[in-house]
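First come two forms of one protein chain, each written alone as structure tokens, so that there is a structure 1 and a structure 2.
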Structure 1
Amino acid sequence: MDAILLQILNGLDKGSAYALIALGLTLIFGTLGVVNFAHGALFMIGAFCAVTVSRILTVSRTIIDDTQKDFLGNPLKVEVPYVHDWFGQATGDVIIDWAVPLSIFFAIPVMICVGVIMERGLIKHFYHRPHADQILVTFGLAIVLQEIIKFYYGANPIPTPAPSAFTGSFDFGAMFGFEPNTIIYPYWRLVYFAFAAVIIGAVFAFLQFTTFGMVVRAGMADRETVGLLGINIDKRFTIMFGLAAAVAGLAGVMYTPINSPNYHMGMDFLVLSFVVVVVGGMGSLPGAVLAGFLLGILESFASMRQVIEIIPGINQVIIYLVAIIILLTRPRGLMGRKGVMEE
């Protein structure tokens, strides 16, 4: 039972990232009908927003500290972050420590701008082109963005730690009546799951209960009729592209303490996120979230040592095997809509 609970926790952790990326991807496909292979790059850019904020907060000046001496007795040169000058040492240390959560406030406007520029500058020209053209141009854009990040930040992963308050682990075993230290799980992974749940809930609430969201949902169902009512649906869809980019970016920001940002992390998640979208059903937002968590849990169980000993390598292909089975039995995915991608 303890092994099962641990794998469920691992699955929810992975599923949170899959669900957030697939949610943004489905928002773009559902509103604009565009197969966006650059969506993984948006996840990567979000992660590097956290790296950027962390670096900005640690920009420092060099001073001579007479209270510290080297082995020859000379005063030491000490690097003092500017945030210490502005807010004091205690507050400055807290700000630096909480760089990743604070990056959210930087990433939201940046990602919305990136999404709007991407949609207005490039993708709008491919609305009525074949999906193959959309895939090629967005995949090429993803490679360009990846190389830009590689040029400015380097090819090596950049460790970006979580706040020190969340660096420990939570003893789930004690909470469920097991022996202490039986089920230990990192606090930040639990924070990531809770964060993903809040973002997913906020997106669905926005689409369900706001006038803007209702118009967008109507446009997803029948774009032409909504346009005939005098509503500028294109403008609203552009805003939704920016919001979808923000969702992917926030997923990347909060994932940085779990997986150190690197220039190819977007590609690592891109294929998996498309599999999630296809399994959930193209254009289905609930399907994308459901498939994200289900596939995350399946991948986690397939990674168990007992399973790998019986079927070596199954953890590498389980998601794709499930996708094949789902598409053979339910070609539209778990919750796909009729007519989507069937022309």
Structure 2
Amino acid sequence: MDAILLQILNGLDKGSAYALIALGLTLIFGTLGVVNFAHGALFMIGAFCAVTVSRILTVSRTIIDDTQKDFLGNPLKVEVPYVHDWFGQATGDVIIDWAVPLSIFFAIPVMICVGVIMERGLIKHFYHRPHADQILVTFGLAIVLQEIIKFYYGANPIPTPAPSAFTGSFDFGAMFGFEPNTIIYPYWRLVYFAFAAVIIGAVFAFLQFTTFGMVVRAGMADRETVGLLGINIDKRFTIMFGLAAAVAGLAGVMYTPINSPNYHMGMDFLVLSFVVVVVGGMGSLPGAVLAGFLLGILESFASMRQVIEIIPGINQVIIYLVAIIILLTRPRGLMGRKGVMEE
């Protein structure tokens, strides 16, 4: 029982990551119909926004400490962050500690810019081109973005911890009368879950309660006719792209404390996010979110020792297996709309 509850919790949180990534992708892929292989790269850039912010916060001057020696036996150079100089050691440390949450404010404008530039400069010319061309150009872009990050930040993962207030975990089990330590849950993951819920809600509200969503859907189905009705669809597509990039970026920022970011993290998530979007059904936002959570939870169950013992290797394939079953039983995924990318 508690084992199952635990995996549901784990699944929810894995699911919120999947859902958040898929949400950004489905805005571009499910709604605008652009096969965006660079989406993972956007997620990765978001994560590196957090890295960059913590680097900026720890920009330091160097002092020589004669009492200590470095590996070559020379006096040790010690780095003192400027924030220490400006705000004092204690406040400075708190600011550095809160780098990840602070990066949200940095990431939003950056990601919107990245999205807008990407759309205006590149994707714009590909709406009416075959999907094959979109794949090639966005894949190329993804590689380029990835390599740029690799060039500046290296290939090694870069630890980007959560504020110390959020380290450690929370004993759920004890709260609900289970044995202590049976159901523990890290604080940061709770934060991530809540954050995902807020973002998902906000995006829904934006697309549901404004005519924006309808216009964009219409524009994707038939740009020409929408133009005939006096609507500047290009502008809205651009906004949509900026929004999607921001969502992807924020997902990345908040993910950094969970897993140290590295330059290929986007590629690692790419295939999975496509699977989530398609299983959710093309063109459906709720579908993508639902599929994210569903796959997250099922993946968690499949990784239970008791399950692996019965079906060895199930944890390796569960996501794909479920995807196949869903796509075979429901022709357009969980909640897909007819006619979107069916040919």
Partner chain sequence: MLGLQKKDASLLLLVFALTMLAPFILNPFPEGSGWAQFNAGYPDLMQRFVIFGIFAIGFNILFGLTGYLSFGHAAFLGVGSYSAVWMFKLLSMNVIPAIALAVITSGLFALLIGFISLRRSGIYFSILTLAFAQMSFALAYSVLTPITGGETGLQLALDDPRILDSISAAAGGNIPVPSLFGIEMRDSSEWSVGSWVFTFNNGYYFAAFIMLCSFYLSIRIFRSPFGLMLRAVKSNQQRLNYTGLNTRPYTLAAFVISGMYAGLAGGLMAAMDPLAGAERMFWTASGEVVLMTILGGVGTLIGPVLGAGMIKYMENILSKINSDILHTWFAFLPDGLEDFIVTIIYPFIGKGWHLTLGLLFMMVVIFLPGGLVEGGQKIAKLFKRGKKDDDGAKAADATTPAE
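Here, rigid core means the biggest group of C-alpha atoms that superpose within 1.5 Å across both forms. If you're wondering where the values come from, they're calculated on a predicted model, not measured in any experiment. FYI, numbering is relative to structure 1, first residue = 1.
In this comparison the chain labelled structure 1 is the form predicted on its own, and the other chain is not.
Taking 2 Å as the criterion, Glu224 counts as shifted between the two structures: its C-alpha moves by at least this amount when the rigid core is aligned. With a cut-off of 2 Å and the rigid core superposed, Gly281 has a Cα displacement that falls short of the cut-off between the two structures. Annotation: Cα of Phe29 displaced by at least 2 Å between the two structures, core superposition. With both forms fitted on their core, the C-alpha atom of Ile63 sits 4.8 Å from where it sits in the other form; this compares the forms between the two structures.
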